Ligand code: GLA
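To begin, one chain is listed below as structure tokens, in the form predicted alone.
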Amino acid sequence: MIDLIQQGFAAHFGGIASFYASPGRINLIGEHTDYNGGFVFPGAIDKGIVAAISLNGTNRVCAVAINMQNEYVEFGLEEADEPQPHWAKYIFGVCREIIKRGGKIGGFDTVFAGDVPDGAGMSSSAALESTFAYALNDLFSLGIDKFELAKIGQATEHNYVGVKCGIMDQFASLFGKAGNLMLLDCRSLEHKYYPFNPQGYKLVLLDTRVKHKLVDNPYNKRRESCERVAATIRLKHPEVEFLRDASLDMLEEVKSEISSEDYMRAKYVIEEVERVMTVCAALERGDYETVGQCMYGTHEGMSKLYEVSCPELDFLNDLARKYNVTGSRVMGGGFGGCTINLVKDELYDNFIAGAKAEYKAQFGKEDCKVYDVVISDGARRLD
């Protein structure tokens, strides 16, 4: 991929460029908890975005997206210059969010590509945001710390893409560490690295090839549900800032004051926060059976209470149970994408072969795609 980008940069712009990369991410447990002030357990992966970037001495950005048939976009750095192509809004948004914070940046030429499957739940968008946030911070010597770079990526999603996401994806892409998952408190941004090398198990993603699109769909409505319930509970319990602070008993107190739909959404989130902490304790004692049980619990909640699954994801989760997989669940925002599966080594080959064959037979299309997970480093400059 680097050779392809280098060739593309030479063809479009000539000269010498600096190379930057940021990864996509997996999340072992803790889905839809980040924007509720809760805990998540992500890790960076060995797939991401790579960009060649060179400052051009103007106030214009010239960008080529190799994965979009080498589409070329040029735009300025003022608010009125927002480009039309969806992918370019991420780069523009990062530039604007840096400028809003007082960062002095100028124009640049860039060619980029990625191997994070779009819409598969591995957060290709955060990888794109993090690549350019990290690169511009470095190239213009802005001195912005990585916490603020993560917030810049999140603000880009909110203000220029229309997805009211939490902070997890950008944080994982920037703070990833090879061989480690991260327990992240999404309210305080305190985090702890957990070595992750489960002996006797593999972590594997099965991609439904159903592409999720988080703009103009029920994702934002679920966030609104959670905020309504938190506000209702807060009237009785002022200490509750987010659903992360609430208990199931508190939720039951207000059940008659909220809609049945809002109740289901909140119940899932409160239970999911508890599952994250259960997994932390289980990992510290090497109890992967408990980790797996919590993963299945997350899928059940996301499917039945949060209602962000789809028939393809539910089918893969059922297959995991059939093949005695230790843990399986939908990963990411939902509405498509991947399941993440914790599989014993001796069951791996049989599970993968069976899942691919049965998925293709059930849905009459391509079999599910398989991605073995390698936990890798976060955003960086490439030498």
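Residue numbers run from 1 along the displayed sequence. Source: prediction; values computed, not measured.
Here the subject shifts to the form predicted together with this ligand, a form of this protein not shown in this document.
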* **P85, heavy atom within 4.5 angstroms of this ligand in the model of the complex** => no
* Asked: Do F351 and this ligand come within 4.5 Å of each other in the model of the complex, heavy atoms counted?
  -> no
* **4.5 angstroms heavy atom contact with this ligand in the model of the complex for I167** => yes
* To do: Indicate whether this ligand has at least one heavy atom within 4.5 Å of a heavy atom of Y219 in the model of the complex.
  => yes
* Asked: Heavy atoms within 4.5 Å of this ligand in the model of the complex: which of the stretches 34-42, 318-326, 62-70, 354-362 has them?
  -> 34-42
